[in-house]
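The chain below stands alone, shown as structure tokens; this is the form predicted on its own.
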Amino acid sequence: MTDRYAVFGNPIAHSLSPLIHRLFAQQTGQDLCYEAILAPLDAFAATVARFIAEGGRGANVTVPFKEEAFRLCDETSPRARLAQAVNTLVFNDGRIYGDNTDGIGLVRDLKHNLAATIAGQHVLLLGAGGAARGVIGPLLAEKPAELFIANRTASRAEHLAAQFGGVCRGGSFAALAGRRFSLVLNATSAGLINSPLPLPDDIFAPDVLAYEMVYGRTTPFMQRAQAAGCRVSDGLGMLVEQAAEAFFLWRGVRPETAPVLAALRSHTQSAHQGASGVNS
């Protein structure tokens, strides 16, 4: 019988995950189906329980349910516990195992698809919400010289940085004035509503890689970085790489991501419309 998987979110119609996992399954010869399921905002747990009862083997979770998914699990991975959020669920013998593949997806996209160096570099992470929290651990594992977390509310960034310690620092957007970074990562939701961020001009030097975790659209953050001559990327590669890690957790087979990423680039360009989410 064909194994069933799904992604849960609200909204979810935009999700590219069914296409990604269909391409992974074709590539690796795995017999599975994967669907997008809209979970009511007040009934995420019940929707997951129904999917399990119907024979579901695993699932991805996207906004706004990642923190609720973490609380739903019987067991979680170390990286999920660091993030306090789950984007990948495995269902086995009545138990739910949760993992977070967002951070490793980002790191793989940066290192393998974009040839970026993290070790020894000064890295700026914009935002102190769930998207930021999910990637801090894997970024720190790459041993940057500094990981500075900047947020509109400085206290949130400072608190988050203190939780991780080490080379993590936190502060306001205004505190970035005069600072230099080689990698600037936007983990805020500003791109979803086409809102600019109050960032100092001098952080966008021509040798900076400006990375937007939103995919499928050119956000104000990306536009500003492009105008300054920066190298710019959206988060589509992160989406594919985190999906590959989830696929490996479920099936024990690691798909090749490069051809799938190329197919998705072609798909999104021909559709002339952006997906409106992060990692879904």
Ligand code: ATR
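In case it trips you up, residue 1 is the first one in the sequence shown, and so on. From a predicted model like this one, the values you see are computed outputs, not experimental measurements.
Just so it is clear, the following notes concern the form predicted in complex with this ligand, a form of the same protein that is not shown.
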item: Among the candidates Asn113, Ser77, Gln121, Ser189, the residue which, in the predicted complex, approaches this ligand to within 4.5 Å (heavy atoms); value: Ser189
item: Proximity to this ligand in the predicted complex, single hit among Leu140, Ile96, Leu197, Leu176 (heavy atom within 4.5 Å); value: Leu197
item: Stretch in contact in the predicted complex with this ligand, which is absent here, among 200-208, 176-184, 86-94, 153-161 (heavy atoms within 4.5 Å); value: 153-161
item: Any non-hydrogen atom of Gly166 within 4.5 angstroms of this ligand in the predicted complex; value: no
item: Partner contact for Ala145 in the predicted complex: this ligand, 4.5 angstroms, heavy atom; value: no
item: Distance check, Ile136 to this ligand in the predicted complex, heavy atom within 4.5 Å; value: no
item: Contact of Ile104 with this ligand in the predicted complex (heavy atom, 4.5 Å); value: no
item: Within 4.5 Å of this ligand in the predicted complex: residues from 106-120 (heavy atom criterion); value: none
